[in-house]
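Shown below, as structure tokens, is a lone chain in the form predicted on its own; questions about how it binds or moves come after it.
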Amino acid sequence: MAVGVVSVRIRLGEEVDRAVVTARPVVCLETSVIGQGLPHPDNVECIERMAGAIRGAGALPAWVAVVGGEVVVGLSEAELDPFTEPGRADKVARRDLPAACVRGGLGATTVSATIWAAARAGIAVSATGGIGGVHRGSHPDVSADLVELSRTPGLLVCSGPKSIVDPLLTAERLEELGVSLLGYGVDRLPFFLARESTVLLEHRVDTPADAAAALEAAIALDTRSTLLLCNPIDVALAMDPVEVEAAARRSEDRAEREGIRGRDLTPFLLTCLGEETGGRSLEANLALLEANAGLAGDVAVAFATGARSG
């Protein structure tokens, strides 16, 4: 099999391939946040800030996407650039990967597709902003992220569930699925734009080394699920939980009126949330994405150091 090829349909970028071979720390990143989650040119700024934070920690960023019929782990700059163009790439969850590869176009991976690809490439640490979850309502939409987190080993740094979902229902579903939630320096579940929700966490770590040790234990125990390392947004940028919930409910009402469902719901709600908060949610989102990437880099370095010393 050719260098950099994990399987016929999974390819490692050149820099990532060298890093995996030499056991250099790598952090995988979803491209849906670039292709659908953020408007242009903020998505370009996001790429620079997240990649810079990971490299600053001593690790290598690996953007994941479907390109030309392959799942690529570690896009080059030239491959990543088209994903910043509005409407250029399809949103691809793990379930969509076969069809996306057959189409042969551009597929921006969500959390579920990204952690799936990371695991197959032998990369243990990933980062995102907020995970999907269980939406409010009598017939709630449930993100595909949750099931994939329950069956894919690794560690994902996030700021808890996105503020457009129900944090309690999401935490309960994750518990049911056997996914471990680790608060990073906090005892309550972070809630994306809000620093915390009302959900108490059973487990907490306070350093990247502690998080890396938990990951190493999970792998040794073969738990086969993702550890969610929940990193709260910076105090200076955190929004009031009541204000965020009110804005989210107004956004949900608008989605209901316009008949927005399925894969289009999350990007629609995030756009509405930005409008409802006068752009403050966008600024906060960029900041927490950068912070989560930096923490993921720190954890990846600590994990690689532990693996070498062990």
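Don't overthink the numbering: it's just position in the shown sequence, from 1. Quick caveat, the model's predicted, so the values are computed rather than measured.
From this point on, the text means the form predicted together with ligand PSU, which you will not see here.
Peer 1: So, residue 128 and ligand PSU: in the predicted complex, are they within 4.5 Å at any heavy atom pair?
Peer 2: Because a heavy atom of residue 128 falls inside 4.5 Å of ligand PSU in the predicted complex, the answer is yes.
Peer 1: Can you tell me whether residue 144 touches ligand PSU? I mean in the predicted complex, with a 4.5 angstroms heavy atom cut-off.
Peer 2: Residue 144: contacts ligand PSU in the predicted complex.
Peer 1: How about residue 111: is it within 4.5 Å of ligand PSU in the predicted complex, going by heavy atoms?
Peer 2: Yes.
Peer 1: Taking 4.5 angstroms as the cut-off for heavy atoms, does residue 132 touch ligand PSU in the predicted complex?
Peer 2: Taking the distances in the predicted complex, the answer for residue 132 is yes, it comes within 4.5 Å of ligand PSU.
Peer 1: Between the options 195, 173, 94, 91, which residue brings a heavy atom to within 4.5 Å of ligand PSU in the predicted complex?
Peer 2: Here the answer is residue option 91.
Peer 1: Each of 119, 124 and 226 near ligand PSU in the predicted complex, meaning some heavy atom within 4.5 Å?
Peer 2: Not a single residue of the candidate spot has a heavy atom within 4.5 Å of ligand PSU in the predicted complex.
Peer 1: Which among 55-63, 244-252, 272-280, 29-37 is in contact with ligand PSU in the predicted complex, heavy atoms within 4.5 angstroms?
Peer 2: Within 4.5 Å of the partner lies stretch 29-37.
Peer 1: Is any part of 268-293 within 4.5 angstroms of ligand PSU in the predicted complex by a non-hydrogen atom, and which residues would that be?
Peer 2: In sequence order, 270, 285, 289 come within 4.5 Å of the partner.
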